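First, one chain by itself: the form predicted alone, in structure tokens.
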Amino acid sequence: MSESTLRIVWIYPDLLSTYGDRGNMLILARRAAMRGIPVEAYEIRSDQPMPSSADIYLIGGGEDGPQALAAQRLITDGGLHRAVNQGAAVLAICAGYQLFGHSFFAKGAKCSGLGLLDLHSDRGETRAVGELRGDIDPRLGLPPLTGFENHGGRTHLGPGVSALARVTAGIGNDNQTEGAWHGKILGTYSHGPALARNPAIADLLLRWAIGADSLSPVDDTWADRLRGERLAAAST
């Protein structure tokens, strides 16, 4: 494997993969390939050791039991922590986002998270289901977030993390903020898959991974149509 090859890891697809989350890996690989960046993508199941030398890690959503099991195995394994400490980029979705915090609730029990983001999650009074939209932190230089959310949790951010977006439609973390980011870690409740609806986030992850300030443009005609349709749906 060449040192110039971009290595993408999809974490525990046997436990955490809902609402098309596999598409995030496919979109990242495709947008890299369109720019001539060689890619190797790996699906690491929960019974396999987690490599610590990849460039981008993706983790998806799932039900309570698999979420709790995934957290336990990732804590025991330690490979993801080493990867983050070495500067890897991460996109964490829904249940995967929650388990990146200090704690979350699964099947009524409080579970330990990975502690990679300064946040914790508990249960909300109602379930958040439907279109999600938000204005992304201007420091990231990205257009509005669009996604589909389906979760019963509420996430509370600590001082060591920033909100990914301010909610303009939907619930997100708490009706006001959506997702979180710190360093090269992004967390969001946005399914859809997230990177199909938000190709600029995919490009941000690619830039972080290869250490580039910008990427060559690609044809986003169809992505822009999808974004326009879903952003309009969230406004009605």
Partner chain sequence: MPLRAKVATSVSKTAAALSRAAGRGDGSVIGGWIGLKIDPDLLAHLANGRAVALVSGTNGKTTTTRLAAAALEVMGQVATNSFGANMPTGHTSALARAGSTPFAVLEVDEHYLARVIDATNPRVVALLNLSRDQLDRAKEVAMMAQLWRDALAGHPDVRVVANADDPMVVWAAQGTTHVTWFSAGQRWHDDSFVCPQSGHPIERAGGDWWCAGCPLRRPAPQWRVEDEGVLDPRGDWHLVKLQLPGQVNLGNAATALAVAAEFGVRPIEALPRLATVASVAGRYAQVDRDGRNVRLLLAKNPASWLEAFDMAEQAPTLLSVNARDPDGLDTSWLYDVDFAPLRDRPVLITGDRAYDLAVRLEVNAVPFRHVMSFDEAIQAVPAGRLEVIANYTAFQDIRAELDRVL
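Source: prediction; values computed, not measured. Positions refer to the first chain, counted from 1.
If you look for the form predicted in complex with the partner chain, you will not find it shown, but the lines that follow are about it.
Looking at the partner chain in the model of the complex, residues Y19, R30 and R225 each place a heavy atom within 4.5 Å of it.
Of the candidate stretches 165-173, 49-57, 178-186, 194-202, only 194-202 has residues whose heavy atoms lie within 4.5 Å of the partner chain in the model of the complex. When the partner chain is considered in the model of the complex, L26 lines it closely, a heavy atom lying within 4.5 Å. Using a 4.5 angstroms threshold between heavy atoms, E63 counts as touching the partner chain in the model of the complex. Although the partner is absent here, R207 sits far enough away that none of its heavy atoms falls within 4.5 Å of the partner chain in the model of the complex. Although the partner is absent here, R45 is a contact residue: one of its heavy atoms lies within 4.5 angstroms of the partner chain in the model of the complex.
Contact residues in stretch 148-180 (any heavy atom within 4.5 Å of the partner chain, taken in the model of the complex) are F148, N150.
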